[in-house]
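One chain comes next, on its own, written out as structure tokens in the form predicted on its own.
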Amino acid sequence: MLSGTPFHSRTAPLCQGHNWRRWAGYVVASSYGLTHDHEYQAIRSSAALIDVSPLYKYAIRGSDAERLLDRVLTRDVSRCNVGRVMYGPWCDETGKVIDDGTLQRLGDETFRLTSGEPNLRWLCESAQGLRATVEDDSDTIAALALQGPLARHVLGNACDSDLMDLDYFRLTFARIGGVPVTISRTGYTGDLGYEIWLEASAADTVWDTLVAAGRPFGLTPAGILALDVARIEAGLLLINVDYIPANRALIESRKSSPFELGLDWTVRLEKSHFIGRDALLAEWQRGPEWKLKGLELDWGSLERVYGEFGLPPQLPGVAWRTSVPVYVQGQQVGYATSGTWSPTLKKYIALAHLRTAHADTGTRVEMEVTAEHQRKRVSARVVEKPFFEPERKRA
């Protein structure tokens, strides 16, 4: 049965259109207003508060906790010092991605790993023979994402710690409204932002304190629709949309490796061992068959396609999550998985899997669109990700 997150008592009265979405057994707001436009603008121009509690969260503890995570993740976990956060994927023995998430080092022998899908069984099986325990904290730990250029000012008003020196992908411990919280300088919007982790029982207090502190800065609760636009602009992957987890894929061709997903930088082949290393080493030597790249659709081409029917270009009102064919000279060379009109960039953008031979930056391709019930093709250009990366994100 679906249930509300720990913040549901606060978010439910704000959801004007009762526009809810399922996420990991919970319901979260797709948008609080009747459209998501204002919420998206808050992410990019002021500050937005996003309930991300449905993320799966695992506490890994013990003298072999680092060794376990180094066995599972493709990253070099020995370099994850206390107070640091790492992003990375984990793979099966064939080097195909099972899931991806962030790893927080909370103490010498204590970590928190987040994921988009359930991974408790995989982590426990990988821990056999090690002095490490894995506990599912998904229901007991609540989480909020505070994102946007004024997010630091909001937190400065709300908590008892000075966050001016908190670097990108670092964490600290603080109190908000007297409640102990962990604050990580991370997020899923590609903007300046923080994520706040706390005991679920204290959710109301932390929400109320943040809302009061954020009122002078235009803090706005934002839902999944606004988040989806922002994460595509940031070139960030969404599991079950931009890739299929290897342990759920029905056929081999639906699986993807980190190299195929543009996550080369997360793979540390110099490590002596991790799950999938041999397969990834072989792929690195021969090169991946696919690459995940960005597409920018040509406005003039959009005008011509819709102009055939006497229409102006029809732009998506919300980000889409469907498989859309991509062509070169009439031959399908890939498929887009996520796309949106970017209000900030004033561009129609998409994430796409392309065969390596056609994935070079600047390559001209065509993406399928439906105009007046007919399938047409619009010219597009292959670009690097992210589409949007302001200096303030890391500053």
Partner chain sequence: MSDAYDTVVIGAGHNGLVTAAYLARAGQRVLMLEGRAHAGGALSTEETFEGFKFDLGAHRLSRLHPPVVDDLKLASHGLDLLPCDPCVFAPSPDGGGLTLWRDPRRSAEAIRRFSTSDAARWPDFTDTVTLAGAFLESIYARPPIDFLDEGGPGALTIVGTALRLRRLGRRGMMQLLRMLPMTVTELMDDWFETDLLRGALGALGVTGMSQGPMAAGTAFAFLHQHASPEPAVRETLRVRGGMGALAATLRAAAEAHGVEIRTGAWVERVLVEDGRAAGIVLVDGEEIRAGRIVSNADPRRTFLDLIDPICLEPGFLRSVRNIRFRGVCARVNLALEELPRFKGAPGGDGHLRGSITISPDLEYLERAFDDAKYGRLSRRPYLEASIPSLADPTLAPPGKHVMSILVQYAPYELSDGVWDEAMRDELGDRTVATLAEYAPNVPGAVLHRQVLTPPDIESEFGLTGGDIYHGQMTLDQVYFMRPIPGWARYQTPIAGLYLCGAGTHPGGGVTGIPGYHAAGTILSDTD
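Predicted model, so just to flag it, every value in this text is computed and none were measured. Positions refer to the first chain, counted from 1.
The protein also exists as the form predicted together with the partner chain; that form is not presented, and the subsequent description refers to it.
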Heavy atom to heavy atom, is residue 130 within 4.5 Å of the partner chain in the predicted complex? yes
Using the partner position in the predicted complex, report whether residue 86 sits within 4.5 Å of the partner chain, counting heavy atoms only. no
Hey, in the predicted complex, is residue 275 touching the partner chain, heavy atoms inside 4.5 Å? yes
Quick check on residue 153: any heavy atom within 4.5 Å of the partner chain in the predicted complex? no
108, 160, 125, 208: which sits within 4.5 Å of the partner chain in the predicted complex by any heavy atom? 125
In this chain shown alone, the residue from 67, 358, 38, 347 with a heavy atom within 4.5 Å of the partner chain in the predicted complex is 67
So which of 253-261, 182-190, 164-172, 67-75 is the stretch with heavy atoms within 4.5 Å of the partner chain in the predicted complex? 67-75
